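Before any questions on how it binds or moves, here is one chain, the form predicted alone, in structure tokens.
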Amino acid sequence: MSLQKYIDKAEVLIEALPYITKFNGKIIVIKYGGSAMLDEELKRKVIEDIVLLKMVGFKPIIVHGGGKEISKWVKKSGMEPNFIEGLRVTDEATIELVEMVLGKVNNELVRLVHSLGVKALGVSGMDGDLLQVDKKIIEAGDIGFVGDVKQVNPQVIYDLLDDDYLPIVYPVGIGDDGKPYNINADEAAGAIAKAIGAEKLAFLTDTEGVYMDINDPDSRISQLGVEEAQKLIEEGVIAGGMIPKIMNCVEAVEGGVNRVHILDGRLPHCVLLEIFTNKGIGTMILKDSEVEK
């Protein structure tokens, strides 16, 4: 009985072998967020997955947010979190808190990666002009220091990868005025993935993927082409907060990223299950010509 357990482990490794061979040396961007950031056990499992990718020859990059942590500290500071159309209103006092909180989260992730035996280096989007932004303008009102990525300096990332670091990026970019701007972490991850020619981009979320029927757990779509994704948005199958996430995926594929994955970060070792197994667990967005018929 105990011997079978070890045989099963060996079979899992053999199943992973072709994927390790295929993606050896390839860049993978992981947008880390959602509940997986709040649960310490899940956090460790996610980072263990990413460290393993690094150790078997992948070149992972972490881009993380920290919205819930920011809101917590805004309240602690005696302010009330304010949102317009789902976007955080970020005045001068709030952007200082954003930098502080995301820097703290970043340091914790760097330390965790180091504890698992891999070199990591944390950077903000301001470092080396990594993420250059325009101020985000919306009709509903002024949301302050919130930016849209207009340009990425990929050399910052390339240098870290060449020096065998695992880059960990938090999404505060620099404006033309030299000031910091808060950036949506999904947008930052997509922009970085496109700029550096990533093989894969994975979004860790609080959903298992895209469903044809949100009330039917068996209707999850494992592969989704760009045209079909846009069609499902038009038909209302993809709705609400999933729309901007899917549009980020579509833009990444159209920008040259070969595979984009939406994964449930609440599932332990979701990254390994998606990348190293034949079945996969989330929804993968890819070019229409590569969708399996």
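These figures come from a predicted structure and were not determined experimentally. Residue indices: 1-based, along the sequence shown.
Here the subject shifts to the form predicted in complex with a further copy of the same chain, a form of this protein not shown in this document.
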item: Which of 197-205, 102-110, 83-91, 137-145 lines the interface with a further copy of the same chain in the predicted complex (heavy atom within 4.5 Å); value: 102-110
item: Residue 184, heavy atom within 4.5 angstroms of a further copy of the same chain in the predicted complex; value: no
item: In the predicted complex, residue 117 touching a further copy of the same chain (heavy atom, 4.5 Å); value: yes
item: Interface membership of residue 218, a further copy of the same chain in the predicted complex, 4.5 Å heavy atom rule; value: no
item: Any non-hydrogen atom of residue 212 within 4.5 angstroms of a further copy of the same chain in the predicted complex; value: no
item: Partner-contacting position among 155, 222, 151, 71 - heavy atom within 4.5 Å of a further copy of the same chain in the predicted complex; value: 155
item: Sole residue of 38, 247, 267, 233 within 4.5 Å of a further copy of the same chain in the predicted complex, by heavy atom; value: 267
item: Sequence-ordered residues of 120-146 touching a further copy of the same chain in the predicted complex, heavy atom within 4.5 Å; value: 120, 121, 122, 123, 124, 126, 127, 128, 129
